[in-house]
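Given next, in C-alpha cells, is a single chain: the form predicted on its own.
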C-alpha cells in the first residue's frame, strides 16, 4: 500500500465571525495516499472549500491533528505554511486566474518565479513538460483569448503541476465548463495521480465524482465515505 500524504484526525473548524459560532468541520478524519484520487461532495455551504483551505494550509483548524507526509503540521507559523504550500501542493479552482497578456507557457512559468533558482533552460523544460502532461503543449505560445475554456483550465492545471506537487487540490474545476470539456479536465487531473500525486476533488458533478477512487460526503461538518453500490 502506498504511503499516506495527508492524514487528518479529529479536525474541527468553527466559524466565529457571526452572531453565533458555527461548526464547519466537526471531527473530520481523512487520509489520502500517494496516487490516490478522492472526491468530496456535499451541498453548497457544507464546508467543502473550508476543508480544502485547511488541507492546503490557507486556514488552520481549531482542533485536531494534521500530518503531512508523516510530519505533524497541526500548528504552523505562516512563513512555514507558505513554504509547504509551495513545495507540496498544487491548486486548481473554478476560475482559471490566467494573465491575459501572457502566453500559456508564460502563465505556467509564473509558478516558478519564486522557485529554487532553476536556469532558464530547466524552467522551459518543466513548463513544456507540464503542458504536455495535460495535452496542450501545442498551445504553448497562445494567449488565453485564443483558447477555449477547457484549454485555459488545462493551462491552470499545468501551472499547478509544474512544481511537481505531492498533492493536487481542485475546487469545482469543471463548474464553468460543458460536459465534454469537463471530462477532458478530469482526465488531466487523474493523469497526475499516475505519477504518484494525491488528488482531492471538490465537485457537484456526480459523474466526475464517480471517476475518483473514493467518494466522501460532507454534511453538517461530518465527513463520511460513500459505500460503493
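None of these values were measured; they are calculated from a predicted model. Numbering follows the first chain given and starts at 1.
There is also a form predicted in complex with a small molecule; it is not shown, and the following applies to it.
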item: Any non-hydrogen atom of residue 172 within 4.5 angstroms of the small molecule in the predicted complex; value: yes
item: In the predicted complex, residue 198 touching the small molecule (heavy atom, 4.5 Å); value: no
item: Touches the small molecule in the predicted complex: residue 11 (any heavy atom, 4.5 Å); value: no
item: Touches the small molecule in the predicted complex: residue 45 (any heavy atom, 4.5 Å); value: yes
item: Interface segment, criterion being heavy atoms within 4.5 Å of the small molecule in the predicted complex, picked from 189-197, 49-57, 175-183, 65-73; value: 49-57
